[in-house]
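One chain follows as structure tokens, the form predicted on its own.
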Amino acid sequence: MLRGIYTAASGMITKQVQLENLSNNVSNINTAGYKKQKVSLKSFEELVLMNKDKQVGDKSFPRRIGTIELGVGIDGTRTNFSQGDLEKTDRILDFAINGDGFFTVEDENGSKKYTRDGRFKIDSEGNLIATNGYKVIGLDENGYEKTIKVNSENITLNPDGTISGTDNLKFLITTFEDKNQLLRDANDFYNSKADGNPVATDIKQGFVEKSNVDTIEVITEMMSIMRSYESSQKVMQSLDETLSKTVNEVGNVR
């Protein structure tokens, strides 16, 4: 009976984490460049139950009395980097990547970060910056990295990738062989311990990339998980009531 309670409890904990993850995806449906996350599961290894009630002479020896399975647990959270739909905004400082890679930006400590959110602004010093103030990094004609400074109101992304209104810089678009090693921070930017590689990709001016969260898919999954959670809850309540009767009634001597 206790085995069933353990299994039902581990299932409820897992479902709760999945619901929290889905809720986070729903809250970011309207976040530009957001990539949905999915909780991956794993099965617990079977546990062997032993006791020492085998007596030989004055010694006790272990004896296998069975096994217990604890159901499923959380293996980790993975990010789905699939392309989001592009939304036309006609804002000259909106850029969207239509393909592989990330915009490369630089934080206040000079560390590189990566994002798919191309809703840029211009700060008081003329730097092209991300929504939180990180400076956008570009490449000059010699392939050297430079933060992008804007010197004209006429900013146009040319067919060859250069940005007019700057020193003919191009966006530094970075890709990674293993995107699963990217770590998302609290501001929805990605960090990487490994160096990425510059990549030529299609960039659209006047567009933003929408979140890749599918509303119908998320709602359907939430309903399925809720039903599964309720089922585990009923199993646990039933086992708890049975256990309570066993303890309080079966052993009661009148």
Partner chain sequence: MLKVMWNGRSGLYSSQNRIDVISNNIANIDTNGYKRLDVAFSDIFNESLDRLGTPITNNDKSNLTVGSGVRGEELIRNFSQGLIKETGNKTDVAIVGEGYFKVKDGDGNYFYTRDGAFNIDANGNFVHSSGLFLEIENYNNNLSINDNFIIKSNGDVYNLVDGSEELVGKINVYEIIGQDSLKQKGENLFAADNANIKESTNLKQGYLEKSNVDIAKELTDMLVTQRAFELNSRTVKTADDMWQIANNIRGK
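What you are looking at is a predicted structure, and each value in this text was computed from that prediction instead of being measured. Numbering follows the first chain given and starts at 1. We call the rigid core the largest set of C-alpha positions that still match within 1.5 Å between the two forms.
Here the subject shifts to the form predicted together with the partner chain, a form of this protein not shown in this document.
- Shown without its partner, this chain lists E108, E177, D90, D85 as candidates; in the predicted complex, only D90 has a non-hydrogen atom within 4.5 angstroms of the partner chain.
- Note that among 119-127, 169-177, 139-147, 97-105, the stretch whose heavy atoms approach the partner chain to within 4.5 Å in the predicted complex is 119-127.
- Interface membership of Y34, defined by any non-hydrogen atom within 4.5 Å of the partner chain in the predicted complex, is confirmed.
- Interface residue remark: T162 is not counted as part of the site for the partner chain in the predicted complex, having no heavy atom within 4.5 Å.
- Among heavy atoms of L243, none comes within 4.5 Å of the partner chain in the predicted complex.
- Under a 4.5 angstroms non-hydrogen atom cutoff, the partner chain in the predicted complex has M236 among its neighbouring residues.
- With contact defined as any non-hydrogen atom lying within 4.5 angstroms of the partner chain in the predicted complex, the contacting residues in 196-231 are T215, V218, I219, M222, M223, I225, M226, Y229, E230, given in sequence order.
- In a rigid-core overlay of the protein, Q16 has its C-alpha displaced by under 2 Å between the shown form and the other one.
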